[in-house]
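First, one chain by itself in C-alpha cells, the form predicted on its own.
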C-alpha cells in the first residue's frame, strides 16, 4: 500500500462522547484508569500502526509466506518476525487481559479501538496476535491451575503464540462431523490424532512455541458437537521450569494459496502421525464446543472489527485520492470543454459514494466499540441484573457485528476501488489489497450465513425475546427523546419507519416459529440480519448526530457564528476542522437515513413474502 489513514478524532468521539465511558471507569474494576490513559493508548496505537505495521504490509502481501516441505516449516515475509517481536516487547499483546498473568488489564473496548489501527494497517499480521490472546483467554476461563501457570503469561506477553483448530477436510461448518480423536492415557494426558485445515498461523517463525486449542472426540463420547472436547496441544512439550522440551508429534503439511491475507499462513496440521501427540484436556469432557464458543465469539467480534478497519482504511484512501485527482470539468461547467478540470470529489456520483463509505465506516466503528463497551460492562457491572442485561446485548450483537460488518466492510472496499477507477484496480494504490484482504472476513470464524441462522434461531428468541427487546428499547428511547429534533426531525421519522420494518419482521419470524415453519425463517435469515444491521447502524449514526449537533451549537456560540448565515457557516467549515467534523457527523446521519434506511421497507416486504422458490427449483448441471 502507498499510504494509510486513520481517523483518531472519530475514534475519540465514539469512545468519549458517544459511549458512556464514565460509567465504565466508575466501576471497581477500572477505578484506577482515567480518560487520559485511554486517549494516550489510542494515540500510541496509531503510531505503532503507521510506523511498524503498515510499512511491511504491501511487500508482505507480494512476498507471501513460504512452506518448506523438508522440515515442515513456514517462513513469513521479510520484516514480520522482527515486527512481532517489537510489538510484543512493547506490551501490545495483552492489553485487556488479566494482569495476574502478564496482561495490562485495560478495558476491552480500548483493545478494540487500538486493534482497529493494527488491523487497518496490516490485517494479516494482526490475526496472529488476536488468536494468541483469545486462545490464552480460553485456557484462563476453563483450564486448571497447571495449564494457567504453564501457558498464560507466555501467551499474553507473546513469548508463545496460539491458534484455534476446529475445521477438518470433511467438517467445515458441520463441526460435529469432526474425526480428530483423543485417547486418554494413565498420566491424565490424551493422545491426539487427526488433521485440521485452514489453521491461521498454525505454523510460522514468529515464535518457537505454538499452542493449539484443538477440538477432538474421545472414543465412546456422543457423536456431533455434544461429544467434542477441547485440548491444549503445544508444538513443543513444556518442561516444569517453563522451558521447551521435546517436539510434540504434530506438523504442518502445507499452506494455502489465497486471494488475500498472503502474509498470514493458512496451514494444514497433522496431529499424531507417529501416535505420540500429547494433549491436555481443557475443562470437562464433551463440553469443548460450548467452551470454544467463548473464543469464537471474541474472534467473531475481531472479524467484525476487521470489516470496520478495512472500511475506514478504504474510505481514507478514496477520500484523499478524490481530493487530488483531476478529471473532467465540474458539473457546473460540464458543457464547456474548455473549462478547467476539477478534482473528482466535486462530481456528484463520487460524493455519493464517498458519503456512503463514510456512513458505513464510521457506523461500523461505533458498532464494534459499542459491543466492546457492553462486554466490559458485563464483566464490571455491580449487580447481577445489570450484568445479565449487558451479556444479552453482547449475545445479540455478536452475529450482527461479525456478519454485517464483514459484508459491509467489503462493500466499502469495493466502493473505494470504484472511486479510484482504473487505479483502484492496480496495485499502485492500496484499494485492491484492502478488497482482497477483506473478503475472507465473511467466510472464516463461521460463515455469515451461519451467523444469520444463529441470530434468528437463538439470539432473538433467547430469554423469551428479552435481549431483542433491550435493543429495540434503546432505539425507542432515542427516537422518543429526539423525534421533534430541530434539525434531525425528518431523519428521525425515516429511522422510525425502518425500526418498525425491523420489528414487523421480528414478529413475523416469531409467528412462523410458533407454527413450526422454521424453513421460512432460516431461508430469510441473511436478509433479516442485513436489515437488522442497517437499522442498528442508523441508530448509532443518529445517536452521533444528536451529540454532534449539540457540540456544534456550542462551538458556534463560542465563535459568534449564526448558523442561518450560510456564507459565515461556509467560511467556518472551511477554516475550522472541529466544526467540519461535527457538521460532517450530522450530514452523514441524515444521508444514511434518507438514502439507505428507506430500503428497509423493501427488504422487510421481501422477507415477509415467504417465497421459497429457491428451495423448490431443480438446478440443471451446466455442461
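Numbering follows the first chain given and starts at 1. Note that this is a predicted model, so its numbers are computed, not measured.
There is another form of the same protein, the form predicted in complex with a small molecule; it is not shown, and what comes next is about it.
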- Message: Considering non-hydrogen atoms and a 4.5 Å limit, does the small molecule approach residue 165 in the model of the complex?
- Response: yes
- Message: Contact with the small molecule in the model of the complex for residue 200, defined as at least one heavy atom pair within 4.5 Å: yes or no?
- Response: yes
- Query: Can residue 261 be called a contact residue for the small molecule in the model of the complex at 4.5 Å between heavy atoms?
  - Reply: yes
- Item | Proximity of residue 191 to the small molecule in the model of the complex, heavy atoms at 4.5 Å | no
- Message: Please pick out the stretch from 435-443, 544-552, 357-365, 504-512 that is in contact with the small molecule in the model of the complex, where contact means heavy atoms within 4.5 Å.
- Response: 435-443
- Note on the structure: Only hit among 266, 75, 157, 195 for heavy atom within 4.5 Å of the small molecule in the model of the complex is 266
- Message: By the heavy atom within 4.5 Å rule, which residue out of 527, 421, 184, 172 makes contact with the small molecule in the model of the complex?
- Response: 172
